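Before any questions on how it binds or moves, here is one chain, the form predicted on its own, in structure tokens.
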């Protein structure tokens, strides 16, 4: 059952909760360092430059000044954490090796500011983080030891899992993260859906799936931001996000390492599912930092139906 906000929850901060879950001290330190970095990212979002940086990332996409600043904030924290050996960011062209921590126990892949193009119209954006043991980042997402996202909306919230449930924390007026929902659980079937991509480029199977969702009364809820859309589906516990293969873009849009793996880890740990239409997202073996995949993620029955329509067509 969804953990409801309560007075006692607000007395449990992130570090205390992690230790209560029996998390290794080094991983506690790492997750708390990322949480600390988010305080500076939200300040940049609220007050920073909304212009372009004059550079491009490894996908050829024009970088915004906020993307670059957010990346620097998080990378600096990771480097100086003392527990990270390799870092991959959506804003960097290659894996960054932390030479001072060559034997660090963890590697981190992250999207520093997912949906940054929405900042100038004041919509919610977020940071997405994936954590692996050891120095190998190119391994299936099922081997993650932790995943988290931080949503910068009307409230700043942090959602994490270390494989023992999914938990939400909210930043208070002192910029501390306190527990608001514990052991979030997805329902088997949902009543909202968030479809990315142009519908006139959908396959026949995806078009049939959309008609199935509409027929059962599912309501369309799509913000254009991956973090707020997943957050809505996860916290309501009854929805599905999809960004399928498109005519001309057979691999969809979202990146396996930086976006799909951490979100799939969180959704699966909440009792949901995530698939590329053939296999679970967490079973994909990434071949490079830039690998993309279609995705259907959310309630298990809805994901299973999406896969069925793909296989039929």
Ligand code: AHM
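Since the model is a prediction, treat every value here as computed from it, not as a measurement. Numbering follows the first chain given and starts at 1.
Not on display, but discussed next: the form predicted in complex with the ligand.
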| query | finding |
| --- | --- |
| Contact stretch among 276 to 284, 261 to 269, 248 to 256, 31 to 39 - heavy atom within 4.5 Å of the ligand in the predicted complex | 248 to 256 |
| 4.5 Å heavy atom contact, residue 90 and the ligand in the predicted complex | yes |
| Contact flag, residue 132 vs the ligand in the predicted complex, heavy atom cut 4.5 Å | no |
| Exercise: residue 209 in contact with the ligand in the predicted complex, heavy atom 4.5 Å | no |
| Contact flag, residue 243 vs the ligand in the predicted complex, heavy atom cut 4.5 Å | yes |
| Candidate spot 114, 197 and 226, all three touching the ligand in the predicted complex (heavy atom, 4.5 Å) | yes |
